[in-house]
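Have a look below at one chain only, the form predicted on its own, in structure tokens format.
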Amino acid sequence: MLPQKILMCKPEYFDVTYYGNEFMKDNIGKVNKAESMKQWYDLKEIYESLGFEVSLIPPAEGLVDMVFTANQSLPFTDASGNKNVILSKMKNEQRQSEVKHFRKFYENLGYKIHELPDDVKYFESMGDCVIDFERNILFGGYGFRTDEKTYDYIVNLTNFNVVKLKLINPFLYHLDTCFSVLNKDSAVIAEDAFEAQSLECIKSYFPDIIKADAQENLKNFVCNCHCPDGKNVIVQKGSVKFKEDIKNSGFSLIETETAEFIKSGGSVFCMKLMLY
């Protein structure tokens, strides 16, 4: 079932205050707060213009990355249509306290909450879980921010068919930085992110593979695009090859500015969560 809502978090406390990934290293203290707020509102308005209801989780003071709502939880529905959620185990200490706020949010919505056992050290949810809702396939990245064994539990808790993908490029530390499902036939990939077997696995699932230019992806986060409806692809503005590829594949492109958030290693896909 395709979720029909979008969960976002206002970047009231957003900043780059520590070195948590390669993009953050040279951007500590360099966020333009006013510009980041404008960029966030612009993205919110894009989802609303496409007919999605945007729900908001209140930001928490001191949690500078809470705006990246893709990372703290994995919501899903069970065979009876009941709402469930698996909570994350964030790798960076600076983000671990975010999860309790999401727990409270889901409790208020009546979701059944699942926590992963102690033998799973790290799991960053939909940063590493990219879902093909049409075919009910969960593509699960592992190697940097999520333990491979996480998916042994996910396959038993959910109705998803799970396909594991090994990440090998430290710049592309989450699956959503190197892989995006547009619809059941089309996907965007950064080939340099995956071990050879995982790369061939992806190609076996999609007849239309859009290969991101490596430099364009690092600059404009094109693989962090989001296609919420199988038709419209939302992405950081400024790409050349990607823009042409998307149009040639029959999609409509919606460009927006997320440069302030890229300073922290996130863009469109990171800044939202599809919610039931």
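Predicted model, so just to flag it, every value in this text is computed and none were measured. We number the residues from 1 along the sequence you see.
Unshown form predicted in complex with arginine (ARG); subsequent notes refer to it.
Stretch 170-178 is the answer when you ask which of 108-116, 134-142, 170-178, 75-83 has residues with heavy atoms within 4.5 Å of arginine (ARG) in the predicted complex.
The three marked residues, Met24, Asp65 and Gly266, each reach arginine (ARG) in the predicted complex, with a heavy atom inside 4.5 Å. Interface residue remark: Arg95 is counted as part of the site for arginine (ARG) in the predicted complex, having a heavy atom within 4.5 Å.
Contact annotation for Asn71: at least one heavy atom lies within 4.5 Å of arginine (ARG) in the predicted complex.
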